[in-house]
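Just the one chain here, laid out as structure tokens, in the form predicted alone.
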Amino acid sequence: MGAGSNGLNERKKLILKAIVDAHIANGEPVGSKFLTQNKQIACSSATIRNEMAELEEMGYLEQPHTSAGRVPSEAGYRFYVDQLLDLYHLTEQEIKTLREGLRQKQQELDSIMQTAVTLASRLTNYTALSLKPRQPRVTVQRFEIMRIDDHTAVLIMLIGSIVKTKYIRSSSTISMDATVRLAAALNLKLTGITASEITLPLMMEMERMMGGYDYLVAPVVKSVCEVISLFDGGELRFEGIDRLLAYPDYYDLGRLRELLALFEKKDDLLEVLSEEAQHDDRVQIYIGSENLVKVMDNSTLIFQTIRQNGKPVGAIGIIGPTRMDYRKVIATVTSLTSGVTEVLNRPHGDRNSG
């Protein structure tokens, strides 16, 4: 049999695929005896042993301890995902569960994402995550100030298509003249810039513009930064963390504690996922040490971005052992992201129909 550019002939591919499938199914090392009983591989036991030895030399298999069987390496899983994976077809019941879950009347993004991540964990029996990515540039397009009384005003901010308000209270009088000047200063100096670009010299310029009303600048700018940070801070939620305890891969309590600490702190994973979600709409698969967060080097992360009107607004993913059911997880993540995207981009009046 001829080998392709990857060095694997068709027989090696069949054997590697059979080993990965068997190891995913039962978690045990796979030996040549099991493969000789596999009707798809019509080879002698000696031939299979030779091929398995060569696959090990090439880095696609590993031999744990003194076991006669082999398990896939990270490279083996990667080759399996990239070139050997069959499409998984969700069952009618699984499709029904997904559709019914996403057909709820709660149409806010957070509600839909929470529903999706709960479904993902339940259907795959792994830990699921939902991501609201950090936004690289959140800015205010326009400011308005509305005076309520002598000591209270409302700051109105247009961020994209969203209007946010903040109450401004001051022990000193807020006059009509002060609100006019403040709106002018905000629109001149703070529109189109991020919170990180609001510097002390910029605030001092605004204070000079405000004259005798300079005491209003600091509390108002603080409110602006607070509102922007709510938009660009991102959010990461997990569902079914306890499901990891069902897998021998997480029986090492030290490693499990590290992973749980990552879930608790979230910042490192949020940073990585936010960056990835901005650029690629395909299913992303990180196997073992491919994960940019070190403590996940015995896990696989699979996730996909959700877009609304072309803008990345979230992502749904699954975390589990490298020995995960890739076919089912990929199919579930793909179906869920497709369903959520469809709901979010449907005209508002149509969302509760069907």
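Nothing here was measured: the structure is a model prediction, and the numbers come from that model. Position 1 is the first residue in the sequence shown; the rest follow in order.
Below: the form predicted together with the DNA, not depicted.
Within 4.5 Å of any heavy atom of the DNA in the model of the complex lies no heavy atom of Q308. Under a 4.5 angstroms non-hydrogen atom cutoff, the DNA in the model of the complex has M52 among its neighbouring residues. Using a 4.5 angstroms threshold between heavy atoms, S289 stays clear of the DNA in the model of the complex. In the model of the complex, S32 approaches the DNA with a heavy atom inside 4.5 Å. The stretch among 297 to 305, 313 to 321, 281 to 289, 37 to 45 whose residues place heavy atoms within 4.5 Å of the DNA in the model of the complex is 37 to 45.
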